[in-house]
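Each of the two blocks below gives one form of the same protein chain as structure tokens; they are labelled structure 1 and structure 2.
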Structure 1
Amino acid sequence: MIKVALKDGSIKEFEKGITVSEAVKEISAALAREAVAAEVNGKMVDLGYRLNDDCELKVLTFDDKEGKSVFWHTTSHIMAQAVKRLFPGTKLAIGPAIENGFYYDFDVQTPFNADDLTKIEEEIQKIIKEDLPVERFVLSRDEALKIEQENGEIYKAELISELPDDAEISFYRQGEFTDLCAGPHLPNTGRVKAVKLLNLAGAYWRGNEKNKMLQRIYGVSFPKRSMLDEHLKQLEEAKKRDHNKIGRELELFMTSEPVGQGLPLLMPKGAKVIQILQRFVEDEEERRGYVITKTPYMAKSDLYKISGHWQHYKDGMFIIGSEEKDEEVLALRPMTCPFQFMIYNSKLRSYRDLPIRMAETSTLFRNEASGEMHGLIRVRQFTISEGHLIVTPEQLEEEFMGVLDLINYIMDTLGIKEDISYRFSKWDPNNKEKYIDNPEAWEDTQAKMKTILDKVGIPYQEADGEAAFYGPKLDIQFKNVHGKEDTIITVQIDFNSPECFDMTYIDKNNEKKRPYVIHRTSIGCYERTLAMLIEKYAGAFPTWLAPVQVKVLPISENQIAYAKQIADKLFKLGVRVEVDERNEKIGYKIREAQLAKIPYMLVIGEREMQNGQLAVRSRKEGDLGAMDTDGFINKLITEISTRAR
């Protein structure tokens, strides 16, 4: 007999060699029905795994994160099986579970189209009905390689040959289908009750654009039909928050074909929101000891040759003129750093001058590839709260923390602190094209950054190959409605520019020293931030950010003059207010103001005119009843000045 410790702390005895599945049946019949896999001593295993020693056992169901992952991973195998049946000769690449479902990458003769997806989905249903048992087996490296090579599975063979020497090479078989896989998996295909293939996309083998483009199918699956329906409903709901949809509906921005791709036009309301954000950020930066610069939108290629942009970032720049034609070559700026460095270098600096904190609300131009643009999130021209701190090595830590404090304050005010994650973006030593070739400096700077991050206690995830070409970054990430992460704010330590630009300061001992540079944004790119805020608030901005804060709604034309008086009073107090003078019913005016997500509606009828009150309606809470005019104004002004959410 063996002793098995369960999640609730109890210990049960089983016969040695019992399978997990049998053991679970003894624990609870209900749990046995829901079990998808298990963790034995913290290691994920199949339900068919045999328990031979005393151990800790945790049964995984779809409710567990790991359980979902197993469920979706098996579904990806089922999908691969369906594809193999319908398109013999398809080569399999990889098919993992992801955060919200799964995908599988296939190398097929002709790319899939939308109809193929339907066919594949039908074939998946058949495989589920067949309720095939999923069996695990282990092969030696040579056997495994031989099989995959014989079957023409070149991608699988590549994966096998790269597995570490001591790796156990396992396969999973269901019916006629076998796939190299670490597992674990569901015990049979019938466990999957509801599947939906969501979309089709190209994806490069191993994420490298030099490799072949494979066909990726994304899908999701559930143990119950109703769960799938609920999930699809949620996806639809999420799309209703899409900034690209409601940002246009609310007349915050638009695009225009003749203007061009990735060049959104901010309309009066969108521009207003950005103006408010910009004033807020600039004031806060000034309070924190930043000086401002205003530097050119373009420069000769000479500048970018010094900074390294010409060598490492040329594809991302709009270049005017050509060297071949012996013309003057200029480029629109993709970053502001070189310009501010020139200002730093304009005179000899003393250690007493440092730190120097330079900020600029800076418009940048980046020649993004055509498929990369997206609403306000990814554009070719954008304005960013860019800044550079020139600091002594001794000041690096404190100044970095000061930047974090500023960012924290801004995120707190915007109400997005709970919605972001931190990414520590490091270089990729193998990518010589992208990164400055100075391994010691990279390692040293990354270690410095890590020390600071750990000291502050920021919960970050490390990411290789995400650094800027000149140094590591702390990226603050926000997920859009489609679950895709984008960087909203970034802080970077640059060891390279001080060298390139020969930036120096004179220290106490009258010696020339190299400063460090911290590149940072405090709110990031305004366009992207606007997109994020639209999605965060579904277009219903907090009052201080709302492009129109109050709409005055006279009930009939008899109240228009009075309504205008009220509006004028508010306007003079700096409130963004409009009067709906149209000859419409009050219900209609309210509906429109509500759909425009205006925080306060003031209904003005005969009664209000008589007694000098306001019938206040809040976007959030509905009819608030009659209020004293001054009382309302005080409440409103407080709400705006405290930037309440």
Structure 2
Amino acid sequence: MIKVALKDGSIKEFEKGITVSEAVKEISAALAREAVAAEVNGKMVDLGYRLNDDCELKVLTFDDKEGKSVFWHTTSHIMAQAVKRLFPGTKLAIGPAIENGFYYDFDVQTPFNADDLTKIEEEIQKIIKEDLPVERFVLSRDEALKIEQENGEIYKAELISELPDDAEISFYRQGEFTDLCAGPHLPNTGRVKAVKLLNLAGAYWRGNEKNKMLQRIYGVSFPKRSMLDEHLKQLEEAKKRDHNKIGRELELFMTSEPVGQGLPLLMPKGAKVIQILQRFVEDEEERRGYVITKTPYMAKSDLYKISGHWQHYKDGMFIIGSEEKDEEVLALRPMTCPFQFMIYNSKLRSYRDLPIRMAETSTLFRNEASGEMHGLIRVRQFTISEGHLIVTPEQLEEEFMGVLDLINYIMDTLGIKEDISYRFSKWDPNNKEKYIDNPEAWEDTQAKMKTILDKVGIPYQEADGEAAFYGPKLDIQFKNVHGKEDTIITVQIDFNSPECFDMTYIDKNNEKKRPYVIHRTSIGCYERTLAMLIEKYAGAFPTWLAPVQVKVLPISENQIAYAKQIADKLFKLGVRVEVDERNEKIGYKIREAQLAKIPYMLVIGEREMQNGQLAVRSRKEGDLGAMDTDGFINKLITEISTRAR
């Protein structure tokens, strides 16, 4: 007999060699119906896995994040099986579960179309009805490589060839279909009850634009039809709030093929929102003791070699010139830190000078892969609220907490604090190429950051392998309307740069010491923040952020002069105002202003002009009726100055 510790802390005894599925049935018949996989001593396993020793067992259902991943990954295999049945010459690439479903990349002679998706979905339903058992088996590296090469699966063969010689290489078989996979999977295809293939996209093999373009099919699946119906409703709502759609409709930004991918053009209204945000952030940073810098958009490779970016981040940079051909090689900056460190080193520093808080509204350049770019969220040129704090070890905790206070204040003002989450991103000691090889410094710095985070009391998740190459970081995460999580703000503790740049200060004992560096953004990338705000408010920005705050709507030509007087008065008070002088019916003008998400509409007819009043319509409160001009102005200015939402 073996002892199995369950999630609730209880201990159950089972006969040695029992499968997870059999054990779960003994625990609860209801749980057995819901189970999709399990964790044994923290390792994900199939329900057919045999328990041979005392262990901890966590049963996974679709309600668990890990359970959804198993469910969706199995469905990606079902979809691949359907594709192979319908298009036998197709070569398989990868088919992972993602945050809200799954995809699979295929190499096909003729690109898929909408009709093909319908056929594939119908074939998926057939495979589900066949209720095929899903079986795992293991092969040696040589055997696995031979099979995939004989089957012409060049992408699978490439993946296998890169695995260590002693790697356990597992496959999953369902009916006539077999696929290389680490698993785990559902026990049979019939467990999937509802599937929807969502869309097609192109995707370079391994995300590298130098590789072949593959066909990617996205989909989602559920254990109940009602869950799929609810999900599809949410997707429809997400489409309505998608910043790509709303941003173009409201003329906030556009893209242009001749300009290039990942290089959005901010139109006057979008640029105005960015300007408002930038002024807000810069003023708040100055109030909190930051000094501003202005540094070049490019530098010689020498600077990036000192910082380590050349060694660890070169592929993500835009490089001008060639080390083989040119005497001087330049690169557009992917971040501002090396430049600000040079400013710090421009003179000898005392402990009395620290902390030094440097901020810059920085335009940065990163060579993102074509398949990764999306609207304003992931672009090749962007502007960021970048800053670096040079501090003594004794100041590290207080300054880090000050950074968090600034970020939380800005997020609260924007109205998105309740939508963010925190991730403590740590290094991966096994990845020597990605990170600075200094285990002692990593452990010490991560311990310091964890102490600070626990003291502040913010809820966070830990993520190995997500740190910057020079230090751990706190990532502030936000989900877009499609459920994809993006990092919007980072705070990093850097133990490496002070050493690389020989940054020092003179302490109280007149000795040279190394400072710590805190890298941070306060609002993150302005373009990404704009995308986030568009989706948060569905384009209906709070009045203080709206590119046009008031639209004055004269009913006829007789009121245009008076309307302009009102607009001029508002303009002189700093209000962003427009007059609709068009010879259109007032109902049409009102509808146009509503579609443009204008916070306030001032309708002016003969009666309002004679009485010195305004007929006020609020986007949020509806028809407010007649108001005297000064009364409306006081209401508006208060709303703007308090940044009310």
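C-alpha atoms forming the largest set that superposes within 1.5 Å between two forms make up the rigid core. Residues are numbered by position in structure 1's sequence, first residue being 1. The shown structure was predicted, so the numbers you read here are calculated from the model rather than taken from an experiment.
- Each structure shows the same chain on its own, and structure 2 is the form predicted on its own.
- Assigning each C-alpha to the better-fitting of the two rigid parts between structure 1 and structure 2 places residue 197 and residue 48 together.
- The interdomain rotation between structure 1 and structure 2, with the chain split into two rigid parts and fitted on C-alpha atoms, amounts to 25°.
- In the core-superposed comparison between structure 1 and structure 2, the CA atom of residue 119 travels 4.8 Å.
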